[in-house]
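Okay, here we've got a single chain as structure tokens, the form predicted alone, with questions on binding and movement later.
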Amino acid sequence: MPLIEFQDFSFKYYGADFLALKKVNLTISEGEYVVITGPSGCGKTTLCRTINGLVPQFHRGYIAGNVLVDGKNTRDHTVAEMATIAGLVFQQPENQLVTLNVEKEIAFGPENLGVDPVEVRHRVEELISLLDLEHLRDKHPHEMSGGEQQRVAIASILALKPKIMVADEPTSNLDPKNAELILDIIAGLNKRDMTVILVEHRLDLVSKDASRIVLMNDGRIVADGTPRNILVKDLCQEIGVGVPKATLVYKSLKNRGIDLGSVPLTGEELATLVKEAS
């Protein structure tokens, strides 16, 4: 059974003039790393909110079809019930940081779910170590950089021990160095068997780690497959998706009759293929 399954799912926010999601069918298995991408306003954020139950439990509106997450229909379970299955990291980390320091922030979720205090302390220490937060332990969130805030936000989600991490453009307000750090952390979590659904436009940084890319446009899924199969499609450029430069070079060479034999996703892969072909 899939870990996540969208079944002909449509949604329109109250007061909106159009459907945010239109008859979405999507299945995601345990352990996958799925990147959701597409132009602004295509429904990516709504899709994320649906996986942890914010849609339809918090964001109300017209709904058709079903979303099953770990066998639970999101129509029938509260956001609190879904929080230990699917954790959502927001685009703006300050919007989900609510306490006075990092320790308290990481402990906040499990404490509110009634987790044993000894276990809460264990989780706090484990995550401070895992995400290199020791030097921030006693800092107020507003005293930290955007990258540091995002690491704390990830830690606060992981403290609930969810099966799934959903991250909605977590690097959009970060410089390239911090963006790469956050994306490396997320890829590392996937390697530790966490299922990851990531909304991201920096495909040059994430496509090498992703198992799948789901391309959205106008509330629909318009392509779904491996990064090497999806990113060579002309559709990506037609709807404004930022294809990695190495892949664009491959396409350009192929149009001139030079086939490198494999689709590169990084500069290093491109350099290797060019060297082998020469």
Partner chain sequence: MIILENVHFAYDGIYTALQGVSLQIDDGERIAIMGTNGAGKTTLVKQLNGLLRPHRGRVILDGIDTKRYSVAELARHIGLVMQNPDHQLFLDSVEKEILFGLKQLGFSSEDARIRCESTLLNLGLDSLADRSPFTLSGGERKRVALASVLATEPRVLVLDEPTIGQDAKQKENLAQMLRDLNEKGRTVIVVTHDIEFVIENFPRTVAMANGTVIADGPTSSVLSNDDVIERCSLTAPQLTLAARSIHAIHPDVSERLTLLSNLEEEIVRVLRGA
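These figures come from a predicted structure and were not determined experimentally. Residue numbers count along the first chain shown, from 1.
The protein also exists as the form predicted together with the partner chain; that form is not presented, and the subsequent description refers to it.
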Query raised in the report: Of these, 128-136, 200-208, 73-81, 155-163, which stretch puts a heavy atom within 4.5 angstroms of the partner chain in the model of the complex?
Result: 200-208
Requested in this report: For the three residues Pro2, Glu30 and Pro117, verify that every one has a non-hydrogen atom within 4.5 Å of the partner chain in the model of the complex; reply yes or no.
Outcome: no
Query - Contact assignment for the partner chain in the model of the complex, among Val241, Val34, Val67, Met216, heavy atom within 4.5 Å - result: Val241
Query raised in the report: Here the chain is shown alone; which of Ala187, Leu174, Met194, Ala107 has a heavy atom within 4.5 Å of the partner chain in the model of the complex?
Result: Leu174
Query raised in the report: Quick one: is Ser252 in contact with the partner chain in the model of the complex, heavy atoms, 4.5 Å cut-off?
Result: yes
Query raised in the report: Are any of the heavy atoms in Leu248 no more than 4.5 Å from a heavy atom of the partner chain in the model of the complex?
Result: yes
Query raised in the report: Would Leu19 show up as a contact with the partner chain in the model of the complex if we use heavy atoms at 4.5 Å?
Result: no
Query raised in the report: Are any of the heavy atoms in Gly225 no more than 4.5 Å from a heavy atom of the partner chain in the model of the complex?
Result: no
Query - Contacts with the partner chain in the model of the complex, stretch 88-121 (heavy atom within 4.5 Å) - result: Gln91, Gln92, Glu94
